[in-house]
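Listed next as structure tokens is one chain, alone, in the form predicted alone.
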């Protein structure tokens, strides 16, 4: 199912003068440098982008260091494998009841490209097969189909794309007949984009008729759903819980009945799948409490003191890493986005037009991207169930072409789980 611009209510009303005035207000008039060279269609595209881009964020570059100070980090209790196994029947029944009642939906975050894999295509279309075609999207749909068969009911699947990969992604799903999924239960929506700037807060141009933008982070997904009218569909369908997950983990279980049931049974506001870390400094965010509320501390924020801290049982206190697979209550998400999540400024390599109008792809970071993060969504809630899963059964991230968390390692884990490649 597709939503058009008119269905979103995004009617372009800005003219040249309004665009000029907006850019002047934010000190970004250089965006119009090539306006006179553009075709009418290109001019309209640029004006539309200026209208729909939040330029307020650019001023944050000047106060980057003062943004989002962390609170007091303390350990959080994790539901570990022995307890889950002991209560598996109870949790699974509860989860299946919710799924059969149509109360659970799945949200796939797939706005990224396969750049680090050496591909110019959306990450989800990357082929990890060895003797046959096995696409990342295919693996995820097949995992969800396991639960569809178990529950004997279709689960609404919402797929977030971006302006960089929307057309390619939707065409790919049509071409592959949705890998056997019922297209009536699939809805595509686009992630909001944020401007990308130099270190002084001047937005880059990536083409003569286009400002440089990037997806607004993994915390922007629900706000994007609202803007595309998808939340109205969710309410009409009676969906109360959303299992949000990232595109790059080809083993993760989606709408997992035991996980859903555990979150509901424990009356938790959010469930978070976690794995036991393979090293204190592994590059995954660790579940924790921050000022007494659930949160995630990123691996680069873990001090030596936190890495060496022990819990009451003498185990590492921050030993469980998130795998970006969460179960949120829909009603809580509406309250969270109404508060406006914090923005994080991230240093990145940003392609840009130089003074001669030539596209440059920098070798080193040259500016900032602006992101909202899912960890801030979790920190807005009063309770969270960190739910341990078996690492080799549910965690095969594909972030690189070779080495750690790569196509190679994911293939090996798929084969370990008897998945034919």
Ligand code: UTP
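Residue numbers count along the first chain shown, from 1. Model, not experiment: these values are computed from the prediction.
Just so it is clear, the following notes concern the form predicted in complex with the ligand, a form of the same protein that is not shown.
Note that among 337-345, 167-175, 266-274, 214-222, the stretch whose heavy atoms approach the ligand to within 4.5 Å in the predicted complex is 214-222. Within 4.5 Å of any heavy atom of the ligand in the predicted complex lies no heavy atom of residue 327. Of the heavy atoms in residue 278, none are within 4.5 Å of the ligand in the predicted complex. By the criterion of a heavy atom within 4.5 Å, residue 411 is excluded from the residues contacting the ligand in the predicted complex. In the predicted complex, the ligand lies within 4.5 Å of some heavy atom of residue 160. Taking a 4.5 Å heavy atom cutoff to the ligand in the predicted complex, the contact residue among 112, 105, 195, 261 is 112.
Distance criterion of 4.5 Å from any heavy atom to the ligand in the predicted complex singles out 116 from the list 88, 72, 116, 310. Contacts to the ligand in the predicted complex (heavy atom within 4.5 Å) from stretch 34-49: none.
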